[in-house]
Every structure is written in C-alpha cells, then in structure tokens.
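Quick setup: one chain, the form predicted on its own, written in structure tokens, and binding and motion questions come after.
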Amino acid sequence: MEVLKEYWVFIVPLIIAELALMVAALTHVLRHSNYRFGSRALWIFIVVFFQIIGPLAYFIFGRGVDE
C-alpha cells in the first residue's frame, strides 16, 4: 500500500485523462452515425472496455467523415 502512495501523483492524472478521453469518444460515437469501420455497438464496447487504446483507436480508425 505504501507503493501506491508514492505514485498517486502519476496515477490520478492518468485516470482523469483516460476518463476524459472515454467521455469524448463516447459522446462522439453517440452523436454521429457514420463510421469507417464497425457499428455503433462495436465502438461503444471498444471505447469502454479498452481504456486508453479504445478511444484512441476510435478517433484514429473509426471516426468517419462528419456530417
């Protein structure tokens, strides 16, 4: 438990950044209906369950042309 106290300065900002990225990706997935690959349900699953990699993958590969 002492080890976690030493690293909280790095862990808390990482968690906040991950949550902000997830919320931004989920907001975009829910507001738009055109994707380059996959469906809305697939992207929601990827964004929620693959923490940092999922939202980044959505913004790089899944996001289609905005309407």
Partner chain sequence: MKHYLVFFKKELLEYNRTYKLLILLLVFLILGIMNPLTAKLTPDLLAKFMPEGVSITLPEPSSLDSWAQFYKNVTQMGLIVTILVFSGVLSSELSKGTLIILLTKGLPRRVVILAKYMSMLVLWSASILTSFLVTWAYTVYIFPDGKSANLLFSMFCLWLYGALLLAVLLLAATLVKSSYGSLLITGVVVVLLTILNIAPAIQQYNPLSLAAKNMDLVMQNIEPSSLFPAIGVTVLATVVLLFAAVVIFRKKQL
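Since the model is a prediction, treat every value here as computed from it, not as a measurement. Positions refer to the first chain, counted from 1.
Missing here is the form predicted together with its partner chain; even so, the following discussion is about that form.
Look up in the predicted bound form whether F49 has a non-hydrogen atom within 4.5 angstroms of its partner chain, and give yes or no. Contact check for F49: no, nothing within 4.5 Å of its partner chain in the predicted bound form.
4.5 Å heavy atom contact, L21 to its partner chain in the predicted bound form: Result yes; L21 sits at the interface with its partner chain in the predicted bound form.
Considering non-hydrogen atoms and a 4.5 Å limit, does its partner chain approach F59 in the predicted bound form? F59: yes, in contact with its partner chain in the predicted bound form.
Just to make sure I understand: among 28 to 55, which residues lie within 4.5 Å of its partner chain in the predicted bound form, judging by heavy atoms? H28, R36, I52, I53 sit within 4.5 Å of the partner.
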